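Next comes just one chain, in structure tokens: the form predicted alone.
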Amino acid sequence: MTDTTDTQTAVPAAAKGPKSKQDIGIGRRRFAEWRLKMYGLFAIAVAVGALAVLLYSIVSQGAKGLSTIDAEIEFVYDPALVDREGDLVKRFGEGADLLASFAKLSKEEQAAVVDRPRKTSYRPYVQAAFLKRLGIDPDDESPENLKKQDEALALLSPRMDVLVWQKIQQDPTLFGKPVKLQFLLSGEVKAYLDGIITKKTPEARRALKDGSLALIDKLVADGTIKYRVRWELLTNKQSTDPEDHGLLTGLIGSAYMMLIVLVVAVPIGVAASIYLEEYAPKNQLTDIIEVNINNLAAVPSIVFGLLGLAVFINFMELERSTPIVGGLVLSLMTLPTVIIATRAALKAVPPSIREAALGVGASKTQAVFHHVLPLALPGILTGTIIGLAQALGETAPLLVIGMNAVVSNVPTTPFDESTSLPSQIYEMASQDKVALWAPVTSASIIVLLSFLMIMNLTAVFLRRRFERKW
């Protein structure tokens, strides 16, 4: 009987030793995989770290811009202000009581009388009320008292007389009545309290002298200066002073432009996608169209601004700095994104849906619009909202068509002169007094990021709400 042969393969002598060549190869491969994993983790850590630094920088500065400071002071609208032009004296006589005469006028006549005085007419009264609140005699013209007046008035915002004028415009019956007003302080005061300007900063490099800084410390200690939430950032119009600057003009302008993009780009983009994906023959012409659409999605945004300047302003002669031009430019820029996203959503619908619809007697159009399009709607909505969010944050094409001007009035139609929220942020970042404008700029960025975040969260919600698994 023959002995059983050992089935194990003999290991060559050259392969014997502490480690075989096979073991070394496996080790190198595992090390390469581990190294690739570390590269990926390192890249993610760098990206997350950079994002964290960016967000911290914006939020830390923006928190200062989302608050403001003021001092509550009693102010009396002097009756003499109501008749700066002497109209009431001419009408009711020299000895007539101004307040009683003013009360006899109709609302239209009262508004006309209130509109007569210029904003600067209120400045002496505003300054006198502020000085009295600080315990400084506004009528004492001694050198020492004049110095105190200068140090105190340096704290007051130059916009305060305008705010007082606007208050009486809203309610003409305030004449002769003592009212509590929030006296807005200058941006330099806010910068000092926020630590942007310190006493160590040389006097030549700051608007507030040492006496003004000492007065600020005193007013903070006795509770005259108080912090509050800066709601005016959303309700005020543009201003040349950081303490009174608002985003209302940019918000309304951006809203008009997004509405135009929604009305123009979305229907055209969806219709073009349906035709290219469902109806267009597969030939060289459609291939060229598809390549050009993909190329347009990668064109720099400023090129679309130049196109809008040439077509909508120079050729069609539309007004510069209007939301209608900005909306049309952003529509052209968003169109490729909408088309690509819609085509991807249509492709994701299984072919069996089309075949089943055609099998039960539906026409091609019925199969597309009754079955395919509703199922592709989540992807279409997601792509549309992402495209709108991208358009909302664009600045370069809007600067080319003049949407960076300081507009004093809020636009009521898309054909009125306006600006956009990103353009306003760009203008604030370009101001000479960077330190004073930095908190307001960061707060405006927070507002813009909030809108973008809401739009992206809406896209995620719609996708998860309507998405179907195949």
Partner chain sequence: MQALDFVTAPNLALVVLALAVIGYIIGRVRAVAASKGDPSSLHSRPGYHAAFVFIWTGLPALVVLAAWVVLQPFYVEPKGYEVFPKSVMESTTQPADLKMDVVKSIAKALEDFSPEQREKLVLGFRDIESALDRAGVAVAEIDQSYMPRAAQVIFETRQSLKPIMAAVVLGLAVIGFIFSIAVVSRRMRARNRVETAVRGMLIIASSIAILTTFGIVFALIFDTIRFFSVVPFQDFLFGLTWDPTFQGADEEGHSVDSRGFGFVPLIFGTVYISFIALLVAVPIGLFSAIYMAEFATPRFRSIAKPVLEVLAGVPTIVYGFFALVTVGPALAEFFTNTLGLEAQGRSVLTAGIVMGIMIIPFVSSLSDDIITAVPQSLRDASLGLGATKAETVRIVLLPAALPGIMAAVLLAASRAIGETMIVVLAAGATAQITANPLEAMTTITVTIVNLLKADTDFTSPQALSAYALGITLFVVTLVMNVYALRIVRKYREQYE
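Residue numbers count along the first chain shown, from 1. The term rigid core refers to the most C-alpha atoms you can superpose between the two forms while keeping them within 1.5 Å. Predicted model only: the values in this text are computed from it and were never measured.
The same protein has a further form, the form predicted in complex with its partner chain, not shown here; the description that follows concerns it.
Shown here without its partner, the chain carries Pro300, Ala310 and Ser442, all of which come within 4.5 Å of its partner chain in the predicted complex through at least one heavy atom. Between 224-232, 105-113, 144-152, 270-278, the stretch whose residues reach within 4.5 angstroms of its partner chain in the predicted complex through a non-hydrogen atom is 270-278. Arg320 is the sole member of His371, Arg320, Lys199, Arg123 with a non-hydrogen atom within 4.5 Å of its partner chain in the predicted complex.
Comment: its partner chain is not present in this chain, but in the predicted complex one of Val406, Val410, Ala429, Ala63 has a heavy atom within 4.5 Å of it, namely Ala429. In the predicted complex, none of the heavy atoms of Gln127 sits within 4.5 Å of a heavy atom of its partner chain. For Leu335, a non-hydrogen atom is located within 4.5 Å of its partner chain in the predicted complex, even though that partner is not displayed. In the predicted complex, none of the heavy atoms of Leu462 sits within 4.5 Å of a heavy atom of its partner chain.
Residue contact check for Tyr192: none of its heavy atoms lie within 4.5 Å of its partner chain in the predicted complex.
In the predicted complex, its partner chain lies within 4.5 angstroms of at least one heavy atom of each of the following residues of 376-400: Gly393, Thr395, Ala396, Leu399, Val400, in sequence order. Relative to the superposed core, Asp432 undergoes a Cα shift smaller than 2 Å between this form and the one not shown.
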